[in-house]
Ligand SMILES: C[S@@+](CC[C@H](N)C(=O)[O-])C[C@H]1O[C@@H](n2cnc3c(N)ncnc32)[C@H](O)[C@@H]1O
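In structure tokens, one chain follows: the form predicted on its own.
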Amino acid sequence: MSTPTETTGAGATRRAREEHSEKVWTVLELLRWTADYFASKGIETARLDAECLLAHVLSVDRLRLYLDFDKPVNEAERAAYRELVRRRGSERVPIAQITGVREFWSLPIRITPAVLSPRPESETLVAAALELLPDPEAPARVLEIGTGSGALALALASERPRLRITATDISPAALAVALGNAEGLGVAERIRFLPGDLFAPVQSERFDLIVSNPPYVAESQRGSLPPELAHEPAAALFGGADGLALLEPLVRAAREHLEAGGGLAVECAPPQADRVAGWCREAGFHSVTKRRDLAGRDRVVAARGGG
């Protein structure tokens, strides 16, 4: 029979913890508990995040979790998992920075605190860039400005083996991450990584395609952003007071670095798309279009230079 201290107050808390620790936790039970916990913290991708973290701890893919849903998870594995759950739930560290990898265009991209985690909406930029290079067998020279983790350059290289890509960034740490990703995916010999701002590293060169996902978040939005973004490099997010500090000079100077008929594709925030499209027309581009992401928001402006 339980004593009062075992059923109330500190005794009850201690006993609950002991019972929680002694319980045999299966993969499915852990996923359910963690998804509920993340949801209570306001994390929209609660179940997905739980799966990613547990798969990471168990060194399996997410499919294996469901093939082994009734498998017990031992205490050492649970301890490691608890720490990752704490970082995600309490500190709101992005999943990619916890696991060190993010899938983009079906490629595993290594992530560190030095680079922005590639977003699903940026795959719209990959698709737009490929449309500007309609012949998959034709060789072409591509410039990516602000490569970060290298995700965009790597996606293009994986799709078009005959592309020769130059990828730039102002951050030496980001370039090191991008080079490591290129080496890991076996495409490093087709991508040249250069340090520098905007077109400075390639002043006298011309390309068939220029692509960029520059920093475009307005500084005025800093206080209203999701807490996860506090863990991302600010230089890769914020584009000045209105978010346009890099977008405008990039678009206005792009034609000088394009071959006749070359293409331009840039990512931007949905409210910026009309203005970016206007700059393209003012700079002499034609066939200016806006591309929507999977959420139906204007995300990419694509254009072609004069012949």
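Keep in mind it's a predicted model, so treat the numbers as computed, not measured. Start at 1 with the first residue shown and count on from there.
The next section is about a form of this same protein that is not shown, the form predicted in complex with this ligand.
This ligand contact in the predicted bound form: L244, any heavy atom under 4.5 Å: Flag for L244 set to no.
is_contact(L143, this ligand) in the predicted bound form, heavy atom dist at most 4.5 Å: Result no; L143 lies far from this ligand in the predicted bound form.
Interface membership of L116, this ligand in the predicted bound form, 4.5 Å heavy atom rule: Heavy-atom contact with this ligand at 4.5 Å: present for L116.
Close approach of T147 to this ligand in the predicted bound form, 4.5 Å, heavy atom: So T147 counts as contacting this ligand.
Answer range among 77-85, 91-99, 207-215, 159-167 for contact with this ligand, defined in the predicted bound form as heavy atoms within 4.5 Å: Single hit among the candidates: 207-215.
Answer option from A235, L185, L130, L179, heavy atom within 4.5 Å of this ligand in the predicted bound form: Filtering the options by heavy-atom distance leaves A235.
The single option of V73, L198, L229, L107 touching this ligand in the predicted bound form, heavy atom within 4.5 Å: The residue from V73, L198, L229, L107 that makes the contact is L198.
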